[in-house]
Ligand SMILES: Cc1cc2nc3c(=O)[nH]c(=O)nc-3n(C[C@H](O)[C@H](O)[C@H](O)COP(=O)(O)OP(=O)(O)OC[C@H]3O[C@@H](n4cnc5c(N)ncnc54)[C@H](O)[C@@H]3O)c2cc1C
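Shown here is one chain on its own, the form predicted alone, set out as structure tokens.
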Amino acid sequence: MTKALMWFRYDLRLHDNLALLAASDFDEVIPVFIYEKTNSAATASDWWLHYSLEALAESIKSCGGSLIIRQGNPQLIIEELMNTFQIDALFFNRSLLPKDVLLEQELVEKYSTKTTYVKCFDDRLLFYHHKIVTKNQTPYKVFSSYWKIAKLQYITFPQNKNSTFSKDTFDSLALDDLKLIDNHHWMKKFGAYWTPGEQQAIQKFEDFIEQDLASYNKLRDFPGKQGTSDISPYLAWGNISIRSMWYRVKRFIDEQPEHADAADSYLRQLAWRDFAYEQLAQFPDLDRIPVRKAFQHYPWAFNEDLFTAWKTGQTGYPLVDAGMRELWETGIIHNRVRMVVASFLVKHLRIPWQYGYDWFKETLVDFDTANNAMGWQWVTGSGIDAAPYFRVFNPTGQAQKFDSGAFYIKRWIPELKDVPLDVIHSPEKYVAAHQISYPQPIVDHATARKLALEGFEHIKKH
């Protein structure tokens, strides 16, 4: 009887999982998840991981098996499992994180022998990693050029196959032993907004297809309206296959060609995620170091009080505050508002983008290293295909344009619920006159913009 070890990582699902499909050719599949972090505070993403693992374990149990949960060094734990249970083959999907490249190479070398077999897959993205390059065989630096080529590429069609999971009993940690959730922490609220797991992901995406995809390109930028899929947390831990999403949208286009533009704009967003991972591969320190080295000389002006006001939604700019409060309450923030709050931190407050990146890493249920690193560098102007450095989002203008009815603002800032619409986007005089407990703007927009542009002029000298 042949045995395969399936190492689950950022692919916590049974459907269309390339490594699991390969493992399923063996007589028995032994599934394992290895949590590497130790002695670190739980994050919003850890909350999602906890309940994703719970759902995965239930799915495997319904197939007659049991998920092994371990914590520690993956290389040592895999070696122990391979030897103890005389496993014939190891299968896993690449994480695509720079820190894991050497580990994955060593595992492939170690178990590519006469008696064992190993194979890893690019399961996390739509396109094969490093395959979409320019004529000079270099990575694309502009997304629009990348997308022109990417959308013509073949994407592996989703596949499913029943796996025969081992019925043996294995030593395993209890899920609670990983300490991924803290019931006394802010994350206990997330359960009111989210249900992680594979089946929930599939159903949520199908609901989006049927109800909201047709208007996606028209409503996606308006936070007060239901115009997005909210599928990003499920993608972050692989609760759903991105390939299955791609082909479901393609089927929608075939069935409703009159909405092809809306569907195409959604496919473009899926490809943006691939583009982020290409950038991370090209710049392994994307989450720490600006791609454009001149930005290392930007005259930042970190201020703890201003940073705290930003984190807690107390800046006096309603759209910024609504976004940061949504983040704290739900673990997610609308994409348009995400850009506004990020721009406000780096260009109005002149606080280094790495502080914002770290805060998002702690508080986002959909945290994704590549997406967030590229997003912060894009807003700052320090990355590839970044926003022009001189673009400073006016948070009041953004609110008037994308939340003109203040539905989003009033949802997340209850103290402004009775403020008249004609003043709610700049409520400082009204709240002062009516003694409403809402802060005055912590910075003046015009002054902040001037200082930001002076800072950008400074780095031109380097």
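All residue numbers are counted from 1 along the displayed sequence. Owing to the predicted nature of the structure, the values given are computational and were not obtained by experimental measurement.
Below, we refer to the form predicted in complex with this ligand, which is not included among the displayed structures.
The stretch among 96 to 104, 286 to 294, 367 to 375, 251 to 259 whose residues place heavy atoms within 4.5 Å of this ligand in the model of the complex is 367 to 375.
Taking a 4.5 Å heavy atom cutoff to this ligand in the model of the complex, the contact residue among 272, 390, 117, 85 is 272. Out of the listed residues 317, 360, 92, 237, 360 is the one that sits within 4.5 Å of this ligand in the model of the complex by at least one heavy atom. Contact between residue 212 and this ligand in the model of the complex is not found at the 4.5 Å heavy atom cutoff.
Interface residue remark: residue 326 is not counted as part of the site for this ligand in the model of the complex, having no heavy atom within 4.5 Å.
For the chain shown alone, residue 232 is a contact residue for this ligand in the model of the complex, at least one non-hydrogen atom being within 4.5 angstroms. Among residues of the shown chain, residue 202 is not one whose heavy atoms approach this ligand to within 4.5 Å in the model of the complex. Shown here without this ligand, the chain has only 216 in 202 to 216 lying with a heavy atom within 4.5 Å of that partner in the model of the complex.
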